[in-house]
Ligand code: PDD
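Given as structure tokens, the chain that follows is alone and in the form predicted on its own.
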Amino acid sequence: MSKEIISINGTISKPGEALISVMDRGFLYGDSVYEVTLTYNKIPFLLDEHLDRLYRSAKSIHMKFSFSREDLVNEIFKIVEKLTGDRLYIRIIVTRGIGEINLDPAASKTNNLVIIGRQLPVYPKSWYTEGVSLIVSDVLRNSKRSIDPNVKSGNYLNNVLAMAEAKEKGAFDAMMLNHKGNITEGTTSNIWIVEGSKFITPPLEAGLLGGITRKSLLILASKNGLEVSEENITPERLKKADECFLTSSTKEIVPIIKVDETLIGTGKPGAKTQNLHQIYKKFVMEYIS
């Protein structure tokens, strides 16, 4: 049993021994798609939803897979079985493969499938009990007409630059705007606000990745009698909200208590955010039981 292992096309190695060619298009051009999920009690959470999105991402960039979905699932479970711990991080990467150094996608015929599995650390309790601070980044989110943010690709420099700005300013993360000045998402998470009794998150049309947790919460909130809406949100509107939080598969729901120099609401995690998190945790437990 290991704390971290990597599978490359079915060959499992330790991290320091895992090798892939520098001629791989994922390395050369970011020509790849990926997904990240986690396990609860060693059960991959919402795996079908993540794989569905992986296949949609591949289709959007005209990438065909040279392996079956069944083979992919088997490799994921093989990784899970060999890892120590119940709470695991699983990253699935599919590159277009190795080819000549040119931009033509047809230069490669066979994918490289990389799966990274490792123990997922327990996040600081303070994230959830005290909240985190974000900035509104000067780095705009990619336009849907250039690199569609709804494609989860290996080309992540846009997000890296926004995160670098956040860290330079001492913030937990950054929110990114589109060219119209509306909020899209964080660098690795979706953004929500609470106004009165309504939970609001930007629409996909704003230019963001349709998060699996985001989708689950839209359904769960409605089922539990909560008012939810997808609406454009400006930074000014967000800063006047009663509550604010981010969502991601691995982090679940994290309260945002400050954006730039503005406290959100009371400057503490809101009751409605915490209630929604409890609803989500119940959903997780029902899924794995």
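All values derive from a computational prediction rather than experimental measurement. Numbers for residues come from their place in the sequence shown, where the first is 1.
Missing here is the form predicted together with ligand PDD; even so, the following discussion is about that form.
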property	result
Contact assignment for ligand PDD in the model of the complex, among N112, S137, T187, N142, heavy atom within 4.5 Å	T187
Contact residue in the model of the complex, chosen from N232, S66, S248, S60 - any heavy atom within 4.5 Å of ligand PDD	S248
Answer range among 127-135, 80-88, 104-112, 151-159 for contact with ligand PDD, defined in the model of the complex as heavy atoms within 4.5 Å	151-159
Partner proximity in the model of the complex: V36 to ligand PDD, non-hydrogen atom cutoff 4.5 Å	yes
P202 within 4.5 Å of ligand PDD in the model of the complex, heavy atoms	no
Proximity of N178 to ligand PDD in the model of the complex, heavy atoms at 4.5 Å	no
Touches ligand PDD in the model of the complex: G211 (any heavy atom, 4.5 Å)	yes
